[in-house]
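One chain comes next, on its own, written as structure tokens: the form predicted on its own.
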Amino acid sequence: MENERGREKLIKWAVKSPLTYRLLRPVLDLLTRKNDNEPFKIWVRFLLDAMNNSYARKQPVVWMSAFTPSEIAYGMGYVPFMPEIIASVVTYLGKSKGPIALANAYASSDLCSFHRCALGLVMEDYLPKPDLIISSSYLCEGANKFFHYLASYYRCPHLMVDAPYRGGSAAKKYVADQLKELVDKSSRLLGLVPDMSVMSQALELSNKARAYIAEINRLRRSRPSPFPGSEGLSYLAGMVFYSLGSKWGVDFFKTLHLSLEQKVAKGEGYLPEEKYRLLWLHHIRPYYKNEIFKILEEKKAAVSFEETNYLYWPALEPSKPYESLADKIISNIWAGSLERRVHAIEEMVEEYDIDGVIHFSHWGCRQSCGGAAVVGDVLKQKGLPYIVLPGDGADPDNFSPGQTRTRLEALIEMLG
């Protein structure tokens, strides 16, 4: 028992020490030197840098929900920390069950498993303490309650951006005014002096990344599919959420663009042979070990694109940061009427020459489950094979391998 406690204490010290992440960088570079997936390497380096900065505490650490624009953090000069993204990484490493089990004693198992995983990590004292928490009201109502609870737990301020249901000029002004107030309040709370030239630079960097994202999405229309959807739902989506507004983001998307450009020029696909092209709906996939994509690959079905990587926002105006970021927020196709999302899905089906659609319905996520039937009705009317795939992104106990295989094979049968 004493040895076990000592081991846990050592692991916790290593996780919370900035030195760990500085030492891991050259070690991982050495271990992956033969791996030609340069974008993935940048993602790993980005994560190590983010963790190092979060634990080093040379700048204020601000926890943010995944749908809060990261440009705000980089423009303000504080360290963004996104516990939902970190929970997905923990799940990918096969370590989510312990934190989720701990959180289940305090929170309903109906809640999103990413939030429960993060809550368990909080209660085990693995995560860096926030100086401030910022969340947004749109898409994920559970996130606001989660972050509100964490603000109480850590006894730190919680600022929230409220996005209205409908867009338009009045909505844009409403959100822009909130963003200005958020910057003013966070500056006072953290003892910072806002530098709008830094904010403008963050928006310029975000625009550069956005331009590469647009080109990446264009290249992914190619047949055969040059990039695996399983990776589009992991580190590619992670960088969209976490890196925009930073030099890391520009470096990552530039590198991925170059890689795909070379593959498309050579006519290379990520599958040895591609027979069907699929669209994956919702923002996530199961990140623990599973055979979903292996089953699809065996059936020569490529996940050619993912809803989460749809480029929905216009280029930002660095001279008008609040208005631009407000426009980005209210442009989100998953906010407001379901018609916006359906229209975007129809566009993706057309652009990526999609043969069939998988809607992953993550347990506890009202946003992902609520519109699944309506989306399915629209696509079925167009003659597109469509399945709803129930599951859980972070909790392997809510995953049914047999049922999942049956549904995937049924989809392939419809395609055939």
Partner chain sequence: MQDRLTFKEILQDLAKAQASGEGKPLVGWTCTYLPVEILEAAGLQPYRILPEPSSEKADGYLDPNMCPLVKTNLGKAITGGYSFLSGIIILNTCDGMRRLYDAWRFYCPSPFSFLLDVPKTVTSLSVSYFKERLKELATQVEKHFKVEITTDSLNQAIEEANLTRSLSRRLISLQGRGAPPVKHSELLDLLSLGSRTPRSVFNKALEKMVRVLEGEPAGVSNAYRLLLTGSSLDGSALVRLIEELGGEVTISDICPGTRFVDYVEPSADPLFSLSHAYLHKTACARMFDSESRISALKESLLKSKAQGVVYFSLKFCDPFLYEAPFLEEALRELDIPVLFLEGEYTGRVGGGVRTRVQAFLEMLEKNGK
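Positions refer to the first chain, counted from 1. Just so we're clear, the structure is a prediction, and the values are computed from it rather than from any experiment.
One more form of this protein exists, namely the form predicted together with its partner chain; it is left out here, but the text below deals with it.
Asks: Should the three residues 164, 178 and 365 be counted as contacting its partner chain in the predicted bound form, with contact defined as a heavy atom within 4.5 Å for each?
Replies: Yes, the whole trio is in contact, each within 4.5 Å by some heavy atom.
Asks: Just to confirm the contact call: exactly one of 152-160, 196-204, 94-102, 256-264 touches its partner chain in the predicted bound form at a 4.5 Å heavy atom cutoff, so which is it?
Replies: Partner-contacting stretch among the options: 152-160.
Asks: Decide whether residue 353 counts as a contact residue for its partner chain in the predicted bound form under a heavy atom distance cut-off of 4.5 Å.
Replies: No, no contact at 4.5 Å.
Asks: Looking at the partner-bound form in the predicted bound form, is residue 302 within 4.5 Å of its partner chain by any heavy atom?
Replies: Output for residue 302 is no: heavy atoms all beyond 4.5 Å of its partner chain.
Asks: Contact with its partner chain in the predicted bound form for residue 377, defined as at least one heavy atom pair within 4.5 Å: yes or no?
Replies: Result yes; residue 377 sits at the interface with its partner chain in the predicted bound form.
Asks: With heavy atoms only and a cut-off of 4.5 Å, decide whether residue 338 touches its partner chain in the predicted bound form.
Replies: Result yes; residue 338 sits at the interface with its partner chain in the predicted bound form.
Asks: Pick from 239, 86, 112, 121: which has a non-hydrogen atom within 4.5 Å of its partner chain in the predicted bound form?
Replies: Comparing distances to its partner chain in the predicted bound form, the residue within 4.5 Å is 112.
Asks: Out of 213, 82, 132, 139, which one falls within 4.5 Å of its partner chain in the predicted bound form, going by heavy atoms?
Replies: Of 213, 82, 132, 139, the residue with a heavy atom within 4.5 Å of its partner chain in the predicted bound form is 139.
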